[in-house]
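Shown next as structure tokens: one chain only, the form predicted on its own.
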Amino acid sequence: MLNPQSVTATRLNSRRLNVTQELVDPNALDVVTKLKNAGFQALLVGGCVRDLLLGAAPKDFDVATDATPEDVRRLFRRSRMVGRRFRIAHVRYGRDIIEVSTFRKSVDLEEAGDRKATPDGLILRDNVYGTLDEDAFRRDFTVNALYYDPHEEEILDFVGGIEDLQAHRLRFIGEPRARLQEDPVRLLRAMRFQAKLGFDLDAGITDDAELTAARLMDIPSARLFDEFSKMFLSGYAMNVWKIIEPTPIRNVLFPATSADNRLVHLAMQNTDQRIAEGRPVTPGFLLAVLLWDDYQARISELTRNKKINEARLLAAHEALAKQRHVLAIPRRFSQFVNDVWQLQERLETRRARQIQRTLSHPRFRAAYDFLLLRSQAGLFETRIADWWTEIQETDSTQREQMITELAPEPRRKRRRRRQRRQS
């Protein structure tokens, strides 16, 4: 890797690149201004600068500064420090959060301080602060190491990010194998950006994909769940899945999910469509789809020795527990998955006495959507899925008629109590 001290930033007029102060989130601009007025360096950095240069609207705006997290905390009343691996400050403006990170030294500079790594190079903590130019070289991709000074109207490029952006190329800063050894999650980020931006991955990023995938098991499951959410709940889930499906990444992240799974493909497309239409999405729904085959297989195995209802509950518990070894699924999402799965039996059987209760269940709509996907994938009868569609669209009178027309349920035989003999 180049020594940052020997590199001078290329400074470009931001207006000539169609990047102006008016495109910046006012809250992010306020953070930059207050830091500068307090005597600190402050610039916008990362994905927001990349997206502005591509003519896209950034989802988030991040700030880089020579102020420490403690300095930021003192300067902004509504802020807090977060993170142990990389300690940063979150400055809150209502529901909006501006992430503020302190310039850090590149990881290949051997300096004493708050840095910890495993013997094989995996970075566990890195809070050794540095200068602006040093900060650029510790970032992952060249296109994410661009800085924007909205007051001076300059784009600063230390690593050739503008050239790679124009070439639609994703390239690590430094040697790919070393960067992936420091943090194997960078391969997931590379695939995510490839799916989002349509860029080509530079040679070397996927050369050691199998080894990198295996090393993901050393990453905290909470961090992998966060990356899972970014990959599949940002509007390009299908593109991401197409990229990781034929790679060892799929086997590591979703060991129970097969390749060429039509149900998964439909769910990814459905998620992207919902996001495009501004409708809500939840990781719970995708997890229910990704783990469905494993859940079904466990039911088949467990019903040999257990009653069907008990088998369903235990199968759900086991399937989710296995996935939690990889992704730390929050309880609210695992409960969502379980509810959607358990409701499938009610939707399939359509017992008359359960219809109204099923329709009023808080998870009914999600379970119904899941049933529709199963029907579209050829895994369930279309006529029953259509019946549930129709009953939601009819008035109360027609609804009662539809319920009445269902096949009558067999009566259970009552056991006669033995009468005690009178002595």
Ligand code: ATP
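Position 1 is the first residue in the sequence shown; the rest follow in order. Model, not experiment: these values are computed from the prediction.
The same protein has a further form, the form predicted in complex with the named molecule, not shown here; the description that follows concerns it.
Screening D30, D369, D62, D66 for any heavy atom within 4.5 Å of the named molecule in the predicted bound form leaves a single hit, D62. Of the residues K196, H90, R346, R169, just one reaches the named molecule in the predicted bound form with a heavy atom at 4.5 Å or closer; this is K196. Although the partner is absent here, R138 lies within 4.5 Å of the named molecule in the predicted bound form, judged by heavy atoms. Using a 4.5 angstroms limit between non-hydrogen atoms, T212 is distant from the named molecule in the predicted bound form. The shortest heavy atom separation between T271 and the named molecule in the predicted bound form exceeds 4.5 Å. By the criterion of a heavy atom within 4.5 Å, D149 is excluded from the residues contacting the named molecule in the predicted bound form. In short, of 355-363, 35-43, 54-62, 394-402 it is 54-62 that has heavy atoms within 4.5 Å of the named molecule in the predicted bound form. Interface residues of 230-246, taken as those with a heavy atom within 4.5 Å of the named molecule in the predicted bound form (partner not displayed): K230, Y236, in sequence order.
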